[in-house]
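Okay, so we've got the same protein chain twice, two forms, each given alone as structure tokens, structure 1 and structure 2.
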Structure 1
């Protein structure tokens, strides 16, 4: 299996490096940190039993046209922010039988890529992990790491099963599901609450947010559940308790949205929150907390643009 990882941030570097440990040939398309990754590879430090390791990709390219051969699978690991042109990044990397994996946050994020490449298998993926890129070529893994993969809009192919098995071989729990959209809504419960609140609070981590505002977190999650249910993606009755309990057990963690905010980078507001709100309106669900969070985040973004 030959895999190309597009994006050498925290997610792409971490999961690409683990696939390489499972005897998969992994190349990377690096953008802002191309020089560092090309010269030195990527170093990962994990606070878990995984420990520390070095990842030297099979090939490092700045443009897909430079690839020696087309991959069997592309892991597209870029954040869905303003200006992110996924179609352009993929176009020169795809061969006749290449499958595309979207490993990203948010809901209703697949249709653009599905429309651009209708003849290619599309796999939607989710990472349940605390991991951060601390510098070019430097990754810090704090906790968790489970993956979920499934074909979009539904089903399970042999290539998806094979990729899940490769991750399992690498020591990553990976669930192959025929209903990845329902799982994507499950992850949205956490992202749509903690990510914007971390920014709007002025930089608080997950522990501080949860210990002081658990009723608010639960109310936001309940609205996301209501949207998912209205769209036919019913969530387990215990899902909110499970996510709250899991967050209590996490180490203090700055969300990736907060890190982007603090660095002055574009945030995933639309993929995580905007798409959720629009889906709620389309389904006719009352979502006052989500509406308010989204409005406040758009004001925060406006302030950032005006001060930049």
Structure 2
């Protein structure tokens, strides 16, 4: 299996390096980190049992046209923020039989790519992980790492199963599901509530938020569930309790949106919250808590631009 990872941030580097350990041929397309990754590869330090390792990609390219051969699978691992043109990044890298994996946060993130490449297999993926790129070619894995993969808009192909097996072999749990969109909404319950609250509070971790404002968290999650349900992606009845209980058991945790905010990087507001709100309005679901959070995030971003 030949895999091309587009994006050498935390997610692309981490999962690409694991696939390489599972005897997959992994090349990378690097953008701002190209010089470092080309010269030195990527070093990963994990706080988990995975330990430390070095990842030397089969090929490191700055542009897809430089690739020696077309990959079987492209892992597109870029943050969905303003200015990220996924179609452009994919166009030169894709071969006739290449499957595209979108590993990203948010909901309803697939349609743009599906429309641009209607003849290609599209796999949607979610990473449940706490991992940071501390410098070009330097990745710090703090915790977790489980993946969920499935074909979009539904189903489970042989390629998806093979990819999930490769990840399992590399040491991270990977759930292959025929209904990845429902799983995506499930992750969104957590992200659409904790992420904006972490930023709008000015930088609180999950524990402070949950112990003081659990009713608000539950109200937001209930709205996300109602949207998912209206769109045919019914969530299990106990999902909110399960996510609340799970978060109570987690150590205090800064959301990735908060880390982006604190580092002055663009935030995934549209993928996580904007797409959720638009889906809610399209479905005719009343979502006043989400509306308020989304409006506040847009004000926060306006303020960042005007003071930047």
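What you are looking at is a predicted structure, and each value in this text was computed from that prediction instead of being measured. Positions refer to the first chain, counted from 1. Take the two forms, find the largest set of C-alpha atoms that superpose within 1.5 Å, and that set is the rigid core.
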Just checking, which of these two is the form predicted together with a further copy of the same chain?
2
Once both forms sit on the same rigid core, is the C-alpha displacement of residue 250 at or above 2 Å between structures 1 and 2?
yes
Does residue 263 show a Cα shift reaching 2 Å between structures 1 and 2 after rigid-core superposition?
yes
